[in-house]
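Taking the form predicted alone, here's one chain by itself in structure tokens.
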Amino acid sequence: MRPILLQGHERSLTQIKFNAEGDLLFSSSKDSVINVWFSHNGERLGTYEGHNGAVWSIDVDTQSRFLVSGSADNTLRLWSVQSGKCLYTWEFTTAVKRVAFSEDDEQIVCVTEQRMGYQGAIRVFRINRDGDGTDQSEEPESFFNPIGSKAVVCAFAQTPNLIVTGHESGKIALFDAKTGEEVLNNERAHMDVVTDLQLSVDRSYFITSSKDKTARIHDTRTLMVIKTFSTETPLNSAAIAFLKPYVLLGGGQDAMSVTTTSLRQGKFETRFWHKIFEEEVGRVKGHFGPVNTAKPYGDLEIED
């Protein structure tokens, strides 16, 4: 398959997401803009403008009706996928680092940053899907502050009302979405900050990446490590291939660390590993900086 280069952001990407059908690709960036593209030809369909800071995270519901975004401007925003209009804005005291829809599209979970005397927090909002989407509740359905290491990534788990989180210390955990109680944890899932968390299609397992140079597949119910993929570079993203026995890993040293070295030493590559045999099967080169996010769909693999 011939690669398609998408050019539409002025700064590095932070996250990419396909819709359920795989025909639309959404991208967020530090330039404060969200773009949507046709995945089959790379044509840019439109933009979602309104944030005043880096957009750290995005997610789209299964009906391709609503898009949600979290930003360094301390807001969580709900958008109409079709019109590009911002339907509702939630405001917080710190940046929103991660957002995700529930499997039934009825809820949104977000992680806000721990900074300047404010505790990191996890909030769950009930989404009103009636009408045009502008009538939303300002108050979260639940709100809690994880104790100990701050949460940096999150998603709704396979079991209803459970949220799986990845933490700065390398811990992963399950929280009750209603009470905020920590139900289960694996304190040593990674030895450094968890940089990404992506679920399998049925949410029975998930993959995490870390600055400790590893990616791991975990059982969603028990948090037990099932597979480990070890590399020689810090990882920023890990993704599970759709209907294929592979995982994609992306990373590379930060720009500050490689200013006096070659691109090869920076290891700006996307790596393909066999999901079962834990063997590296290929690499894609050509990036001029760290690979920040990766997401496969069918025969498509997208990275930056």
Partner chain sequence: EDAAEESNVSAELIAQRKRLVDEWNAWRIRCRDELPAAIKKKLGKAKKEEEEKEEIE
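Values in this document were obtained by computation on a predicted structure and should not be read as measured data. Positions refer to the first chain, counted from 1.
Beyond the structure shown, there is the form predicted in complex with its partner chain, which is absent from this document and is the topic of what follows.
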Answer key, its partner chain contact in the predicted bound form at 4.5 Å (heavy atoms) among 219, 168, 182, 141: the residue is 219
Triplet 5, 44 and 57 all within 4.5 Å of its partner chain in the predicted bound form via a heavy atom: no
Given 132 to 140, 96 to 104, 170 to 178, 81 to 89, the stretch touching its partner chain in the predicted bound form at heavy atoms within 4.5 Å is 96 to 104
Is residue 245 close enough to its partner chain in the predicted bound form to count, meaning some heavy atom within 4.5 Å? yes
Exercise: residue 203 in contact with its partner chain in the predicted bound form, heavy atom 4.5 Å: yes
Determine whether any heavy atom of residue 186 comes within 4.5 Å of a heavy atom of its partner chain in the predicted bound form, and answer yes or no. no
Looking at the partner-bound form in the predicted bound form, is residue 51 within 4.5 Å of its partner chain by any heavy atom? no
Within 40 to 62, the residues that have a heavy atom no more than 4.5 Å from its partner chain in the predicted bound form: 62
